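Coming up is one lone chain in structure tokens, specifically the form predicted alone.
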């Protein structure tokens, strides 16, 4: 029996060495096949634009195709859960929005920034309150006055219950002491489509996502719900300027499942950084009016965890109210 035990031990040791060597070889030769980027929102919005632009730009530096798939629902929790549970081999990457730091506080999923190997932060964007151009209110002050006189009558479209744009609406509601009725969609783009069709009254989303509607004369941004005016619409005031304490900031970046080999992580991070600086990527972001704001993996993790702590305190209080 002792000999049998020794044989089994040796066999296990050999198997472990073989597996270790295979993993090392795999990391050394990465990537060898198509990479998938999972985007948590519907096509047509900022998340989708950034994910697809990065995929197109990073292919050049990684030398393999990069596909993009959209998995919507639960303020991004379903998509982020899929990334979290994926094999940590570098072939599945997630676009992670600000909801990465929110979904646990919302009770949607047991997810935090520490569940991922964060690659980089890419963009930041303020919320914007937007209505149809033929709305009975043409200024932010008129909008607030209408909301005061008609509690619950304004239907505000959001990118999903508990999403950052929903939180933006709640923050405005609290600051202005008014009451909205919220209509959730699987991303900002469908909410804007509903606004254009007259099915809802207003949206809270990024200025980028209403850009074409504003340029066509169909939509009107009443206020930016951030600390500063957006370069995309420099004439639109902030709610803060108008006396309302609302400052809601969305952001996004890329993440890998926890435990990706360091060689694989470095390969992806280097390629994504080169793609981030490329004219192909920056050109698309400029066309969309997306404000780029880079943080490396370490800086992104620190930032996302700070946001996580803030929302773990803020969201339960906001939802109670």
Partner chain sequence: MQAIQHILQPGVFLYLVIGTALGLVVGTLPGLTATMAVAILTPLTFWLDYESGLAVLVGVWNSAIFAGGISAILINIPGTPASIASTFDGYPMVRQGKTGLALGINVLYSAIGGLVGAVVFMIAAFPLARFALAFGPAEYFALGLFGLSMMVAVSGASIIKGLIAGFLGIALSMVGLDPMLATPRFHFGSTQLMAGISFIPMLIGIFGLGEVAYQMITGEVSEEGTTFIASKKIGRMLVRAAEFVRTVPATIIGSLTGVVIGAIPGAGADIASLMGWEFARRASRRKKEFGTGSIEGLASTCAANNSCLGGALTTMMALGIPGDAVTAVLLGSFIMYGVRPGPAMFTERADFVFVVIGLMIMVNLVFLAGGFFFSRFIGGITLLPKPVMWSTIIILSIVGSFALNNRVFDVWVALLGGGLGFVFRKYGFPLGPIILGLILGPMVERNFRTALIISHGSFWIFLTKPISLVLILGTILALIGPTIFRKKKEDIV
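Since we're looking at a predicted model, the values are computed, not measured. Numbering follows the first chain given and starts at 1.
As for the form predicted in complex with the partner chain, it is not shown, yet the points below apply to it.
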property	result
Non-hydrogen atom contact residue 262 with the partner chain in the predicted complex at 4.5 angstroms	no
The partner chain contact in the predicted complex: residue 139, any heavy atom under 4.5 Å	no
Residue 86, heavy atom within 4.5 angstroms of the partner chain in the predicted complex	no
Proximity of residue 185 to the partner chain in the predicted complex, heavy atoms at 4.5 Å	yes
Among the candidates 60, 270, 287, 296, the residue which, in the predicted complex, approaches the partner chain to within 4.5 Å (heavy atoms)	287
Residue among 240, 249, 135, 211 with a heavy atom within 4.5 Å of the partner chain in the predicted complex	211
Interface segment, criterion being heavy atoms within 4.5 Å of the partner chain in the predicted complex, picked from 139-147, 189-197, 221-229, 116-124	189-197
Residues within 4.5 Å of the partner chain in the predicted complex, restricted to 49-76 and counted by heavy atom	56, 69, 70, 71, 72, 73, 74
